[in-house]
Structure formats: structure tokens, C-alpha cells
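The chain below stands alone and is given as C-alpha cells, in the form predicted on its own.
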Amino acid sequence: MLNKNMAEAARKALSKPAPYGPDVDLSKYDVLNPRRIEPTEILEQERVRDASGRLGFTPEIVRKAGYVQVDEAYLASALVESLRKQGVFVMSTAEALRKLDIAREVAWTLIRPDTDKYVATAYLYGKEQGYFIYVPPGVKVRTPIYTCLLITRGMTAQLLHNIIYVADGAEANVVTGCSIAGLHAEALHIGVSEFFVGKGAKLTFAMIHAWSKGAVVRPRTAVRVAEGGRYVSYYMIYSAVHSLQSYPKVTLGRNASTSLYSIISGEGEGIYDVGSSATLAGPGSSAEIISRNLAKDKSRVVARAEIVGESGPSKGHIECMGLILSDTAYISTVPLLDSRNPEATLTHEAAIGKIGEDQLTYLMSKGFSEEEARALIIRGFLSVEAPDLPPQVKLSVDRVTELISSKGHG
């Protein structure tokens, strides 16, 4: 049941563009009348294997994932029952809103339905699809919780509302893979995500995107980290896309911290407008935003980063690096520091360049072909030290990094 006031505000925002990224006509997508797929059909479909395989997710990972959504159909796994023995809930957001008070208390408190036309569309027509993950106080879930959000048919709109709530003193590692079957399919993906990290809690979140040349992707994420909590995010996209625009915002309480990493690999004629924002709202809070951005072919990459120092003492650092791989590609870095407290220490560094001929010459003198040398240089450029990543999650990240470096020399 939609909140009357929120629904009215959302309807008024259906024509409200986002402040960043190209505006998109949503009327051509199948928003109101999606064709459902029966859950029993999901894992047998070749197009599902295609979509999940492009993420580097093996069939075993998909079978064991805590949440799998294919188009509009949701499939739970045995992992859900195993987690429930620890008091951990993994279910659809719609089910959580029916059954759990905590879900009703927090839903739509970090992101307003009238934020822009994309959020408004998800609120009004999404039917609360998406995943809800709850980790109770003090529970530490060591095994990564995988979620798969897949699209298997063109011209569809996948409208999601995801919520993660990691209660005081708890820990969780979540890996979300989003993909579409087919390299040329047209589709719309809007993912509204609200994450809550309790006092002394920790959430590590990795998101891997593999889309298509026709995909329009609009993630909307907000995170609130309570006193002493920690939030680590690792975002990767390594496929063509029509356009992607994302600007997650993290708000940090007293002594809370965040590390936000992103690796963007632009190709084709795609537009990639990706950034992160952190607000140092509590004393002793800290944030780092680190991005590595590749652009080849005629792609356009805009890497945004913002740290707002509201409280002090606090610390924030931004590092935006870009590597252009073709004469027709474009990269823009937009670091922004906003200090509102004299005890907030904020710094940034940014650089854009190309592969140096001296680097290529040196590696080729050691017996590498030019193609191998370029891949090595790109792999080194993409390497980001992220000590918070659990080993199983790091394996997924390393696999994608290897794929990007092998593709990037073209």
C-alpha cells in the first residue's frame, strides 16, 4: 500500500529530471504491464545463464545466492533458511513490508520518492520488488550474501527497492550482480537502495554491473552509518551501456567511517556519469573516495566525488584517476570538497592521462607483446588496495579486473 502523501509527491516528480546524466524518456519501456516469468523457469533459461555468466557468477553461485530476481520474478534459495537460523532475514522487500516492523519503519526514510523521475517511477510502479536483508544485533555473517538482479528480455523496466539493515555490532558482506542477457538489448534498470549500518556495525557491499549497449541504468543509493560503524563499497562496471548515472550518498555519524571504491570501464558510445558523496556529520568520522576510470572507443566518463565536512575533527580524501584509451573517448573528473567546520581536514588528487610509450617500450623489451604490455599497464592502473574486502569477494573483484584489463587494450 502506497503512502498517500508520498504517492502524490512522486506523481508530481514523474517529469523531474536528475541533476546529472542525460534525461531519458521512460514511456517506451514496459513499466506498467511487465510480463512475469514463473520462478520455476528461472534457472533453466539460457538467457539467465548468459546474464549471470557475464558477471562472472558461476551456476553454483546463482543457485546458492540469497536472492535472485529475473525480470520481475523472485527465487529464494536454501541459503535463506540457513541464514534464518542466525536470525538473518533475506527476502523480497514486498514480503518484508508485509511481515516485518523494521522494514516498515525504515523504508523510504533515506530516499524520498520525489527525488527525481526515476525514483518516482520505482515508487509508483515497482511494487516493492528488490531484496530486503536484515542482520540482527551482534550477528556476524562471514559468508558473502550474493544477490543477482537479471534482465532477460528487451524493452522491459526492472524497478527495484533494496534495503539492507545491519543492526548494532553486526557484520555482513553483500555482493550484488546486475546484468542483462544479450550485448545489444534495450532495457531500463532503476535500483533504489537504502542501507542502514548500526552502531559499531560493518557492511561491505560490492556491486558488479555487466549491461548492454541499449541499457539505461539509474541506481539510487543512500547509506546511513551510525556511531562507530563502517561501510565499504566496491562498484565495478565493465560493459557497454547506453547511459549510466549513479551518485550514492553516505552520511556518517560519530567515529563512523567509509571507503568508497569504483572502477569504471567505458566503451562504445556509452555515457557513464558515476560518483560518490560522503557527509562527515559526526566528530571523528572519516571518508575516502577512490575511483579508477577507463574510457575507450567513443565513451564518455564523468567521475564525480564529494566530501562534505560538517563536523570536526574529521577527515576526508578523494582520489580520481582516469586513463584514456582512444582519441575519441572522454573523461572528466569532478572532485568537490565542502568544508563547514574548521576541524574538518579534506584533501583530493585527480589525474587523467594515457598509456605512456616509455611504459610500453620497457615492457616490450622484456618480451611482452604490445597487447600483453597494455593489459599489464591497465591491470596495474586498476589495482586498488581494499583491505576490507573478504577473500571470497576479492576473488570476484580480481576476476572482473582481469577481464577489464584483457579487454582494455583494444
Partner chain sequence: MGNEVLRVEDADIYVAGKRILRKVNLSVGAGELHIVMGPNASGKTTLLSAIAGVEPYEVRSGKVMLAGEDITNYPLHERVEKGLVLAYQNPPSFKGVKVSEILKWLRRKFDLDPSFTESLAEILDIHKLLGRDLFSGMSGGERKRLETYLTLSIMPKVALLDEPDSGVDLDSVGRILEAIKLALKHGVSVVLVTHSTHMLNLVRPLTNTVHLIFKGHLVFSGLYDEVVPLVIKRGFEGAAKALGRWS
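Since the structure is predicted, the reported quantities are computational estimates derived from the model, not experimental observations. Positions refer to the first chain, counted from 1.
Absent from the display: the form predicted together with its partner chain. The rest refers to it.
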Inset, instruction - Check each of I352, L376, V31, A344 and return the one that places a heavy atom within 4.5 angstroms of its partner chain in the model of the complex. - result: L376
Inset, instruction - Find out whether any non-hydrogen atom of L363 is located within 4.5 angstroms of its partner chain in the model of the complex, and reply yes or no. - result: yes
Legend entry - Heavy atom distance at most 4.5 Å to its partner chain in the model of the complex, all of Q359, G367 and F381: yes
